[in-house]
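One chain is shown next in structure tokens, namely the form predicted on its own.
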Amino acid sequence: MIALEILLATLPLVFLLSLLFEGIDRKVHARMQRRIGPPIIQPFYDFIKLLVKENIVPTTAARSIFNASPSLAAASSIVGAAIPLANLIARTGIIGDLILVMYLLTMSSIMIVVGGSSSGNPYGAVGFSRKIMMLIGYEIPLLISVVSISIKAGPSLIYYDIILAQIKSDKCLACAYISSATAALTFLLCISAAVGVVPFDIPEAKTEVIHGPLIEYSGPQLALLKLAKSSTIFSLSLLAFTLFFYFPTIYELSIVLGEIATLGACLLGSLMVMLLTVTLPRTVFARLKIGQAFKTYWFFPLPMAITSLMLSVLGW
């Protein structure tokens, strides 16, 4: 079982890594567009700047929901990222922690749109309806892919058990089974929609609904909402790499160079996943319509996830 001290110690680490990953994403995105871009530590400046600004609550808002949603969204995403990070450090886990992590990340997204819809602004309501449709589109294949990989690792819903299965099999699960490779591809395809970046930033489209659920937020509350999104990106990138691409050589690094080397290798792999699933799509593609996005996930990742689950049950 994870020691509470380790879990609490990873919370500030998640905060730092989430904003650092966002800074790298923004820098690489700019360089791919032949721009200089902001410094990598710009997200830290932005966060501090928003903290000292005034917090304004619209008169039309449901005040209690509007004020509580950012804190709940940030807390859910940070804890959702801290649990797998603490598992990596402690090399242990608790029963069902993988489901808990997926629940927390989903709850973070839901709280963002609930808070936006409570503002009384019509753009927030439009963003809420779009996000719910997107959740129905990507959340089902995302969860099925996680269930599929858990079957191949035991079955077990303990996050670190899946890592141990890859260490014992002497190869990553995405390279060992057809079902796991299909599940990995499904998970990677769902990350862009789960974190709301182009081409799936439809709920927050700046040129259409003016940031949707975020339109009425300002100051510290807006800082928490942006932190929630950054933490979700970090968490999903870490999960994608460690659940599907944890090569046994990463574990062997701890024997030669120590635990920090293993953690560093996982973070580097997570960064590569983020660049592939977040930075590259939002640089290359244009925004889809909500109907196109929904069909994309129900015609491609969903059948792939179901196929992966069936192959896992059959032992392939």
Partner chain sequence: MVNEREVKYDEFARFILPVGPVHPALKEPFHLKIIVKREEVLDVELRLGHVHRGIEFLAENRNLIQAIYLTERICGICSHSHTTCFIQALEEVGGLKPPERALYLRTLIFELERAHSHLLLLGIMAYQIGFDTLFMYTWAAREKVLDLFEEITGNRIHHAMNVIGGVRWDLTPKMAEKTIRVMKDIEVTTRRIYDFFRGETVEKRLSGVGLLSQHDAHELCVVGPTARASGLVFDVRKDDPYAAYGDLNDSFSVISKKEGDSYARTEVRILELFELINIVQAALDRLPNGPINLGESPVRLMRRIPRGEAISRVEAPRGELIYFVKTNGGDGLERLKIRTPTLANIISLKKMLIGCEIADVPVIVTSIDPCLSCANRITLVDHETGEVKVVNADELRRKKS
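Residue numbers count along the first chain shown, from 1. Since we're looking at a predicted model, the values are computed, not measured.
Another form exists, predicted in complex with the partner chain; not displayed. Remarks below refer to it.
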{"query": "Stretch from 125-133, 177-185, 84-92, 99-107 whose residues place a heavy atom within 4.5 Å of the partner chain in the model of the complex", "finding": "125-133"}
{"query": "Close approach of Thr283 to the partner chain in the model of the complex, 4.5 Å, heavy atom", "finding": "yes"}
{"query": "4.5 Å heavy atom contact, Lys289 to the partner chain in the model of the complex", "finding": "yes"}
{"query": "Contact test in the model of the complex: Ile151 vs the partner chain, heavy atoms, 4.5 Å", "finding": "no"}
{"query": "4.5 Å heavy atom contact, Ile210 and the partner chain in the model of the complex", "finding": "yes"}
{"query": "Contacting member of Leu263, Ala68, Ala62, Met32, with respect to the partner chain in the model of the complex [4.5 Å, heavy atom]", "finding": "Met32"}
{"query": "One residue of Val198, Leu72, Ile140, Ala165 in contact with the partner chain, assessed in the model of the complex (non-hydrogen atom, 4.5 angstroms)", "finding": "Val198"}
{"query": "In the model of the complex, residues of 175-191 near the partner chain [heavy atom within 4.5 Å]", "finding": "none"}
